[in-house]
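Just the one chain here, laid out as structure tokens, in the form predicted on its own.
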Amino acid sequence: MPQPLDTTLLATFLTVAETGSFSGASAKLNCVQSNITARIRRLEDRLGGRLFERGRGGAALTAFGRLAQKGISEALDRLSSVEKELTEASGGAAPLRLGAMETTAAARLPRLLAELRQHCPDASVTLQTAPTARLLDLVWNRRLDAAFVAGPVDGERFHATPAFDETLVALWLGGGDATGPAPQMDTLLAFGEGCSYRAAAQAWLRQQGRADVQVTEMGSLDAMIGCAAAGMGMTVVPQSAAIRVSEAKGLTARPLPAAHGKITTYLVSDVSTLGTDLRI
């Protein structure tokens, strides 16, 4: 009988497919790139086919790799579900796979996670940050149990509990009217496509005839605020995330009009798998 597939190899394969590169998977898994390469070669040898085509743009799935991705993803999801059920049956605490927008993770979750740790010291929680669109996709495909996302949320696909009401503010270096129109800047510093705050900022700018503002994508909240403080452009973030740093960095904070700047953050889960309400 052949030996079972090593789940570490399977998880590594899915991470390379998700990040689109061996270096990206190395950073995400916190291991050297040579280990990533060795794991993928072992998996290819075991499965009998080439999983990736590597080039300057990264690592692209082959047709065989796309087929493997679907089957492996489904298999790991089933394994995770079985593990969770068995853990619950044995009286233990099943791990909670939680997702959040980076701004929510930075400004809102430390207190909540500390309270969870206090009341449930044995609780196991993993956290993944991503824009709203990506988080909803991960919840829908059962790669996350729940996630904090910016509304509105499709009630037919997700169970959604209102968590926080956020006020978006525009931040830029220097003075100017904090109650007037958008500053005359050519660059918006924002997260990638799928970020609800970016979409709100662009809708606000279009309303003021500023549709020509270029977007420079950033990978973290600290990067956006730091680059705004360096005068590289304007950024739009929740007031809860900006309140501690804007004044210290000499940034002007201007709340967006309510039509664009009032956004509710929801805790969402997949309605088809939710057994009990997730309370915060």
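We number the residues from 1 along the sequence you see. Take the two forms, find the largest set of C-alpha atoms that superpose within 1.5 Å, and that set is the rigid core. Every value quoted in this text rests on a predicted model; they were computed, and no experiment measured them.
If you look for the form predicted together with the DNA, you will not find it shown, but the lines that follow are about it.
Using a 4.5 angstroms limit between non-hydrogen atoms, T37 touches the DNA in the model of the complex. When the DNA is considered in the model of the complex, R210 lies well away from it, no heavy atom lying within 4.5 Å. When the DNA is considered in the model of the complex, C31 lines it closely, a heavy atom lying within 4.5 Å. When contacts are judged by a 4.5 Å heavy atom cut-off, F22 counts as touching the DNA in the model of the complex. For the DNA in the model of the complex, the listed stretch (56-64, 230-238, 216-224, 251-259) containing residues with heavy atoms inside 4.5 Å is 56-64. Contact check at 4.5 Å (heavy atoms) against the DNA in the model of the complex: all three of R42, R134 and R143 pass. G24 shows a C-alpha shift of 2 Å or greater between this form and the one not shown [criterion: core-superposed Cα displacement of 2 Å]. Put the two forms on the same core and the Cα of T265 is off by less than 2 Å between this form and the one not shown. The Cα position of V236 differs by less than 2 Å between this form and the one not shown after fitting on the rigid core.
Relative to the shown form, the Cα atoms of E53 and A133 move apart by 3 Å or more in the model of the complex.
Compared with the form shown here, the C-alpha atoms of L144 and C31 sit at least 3 Å closer together in the model of the complex.
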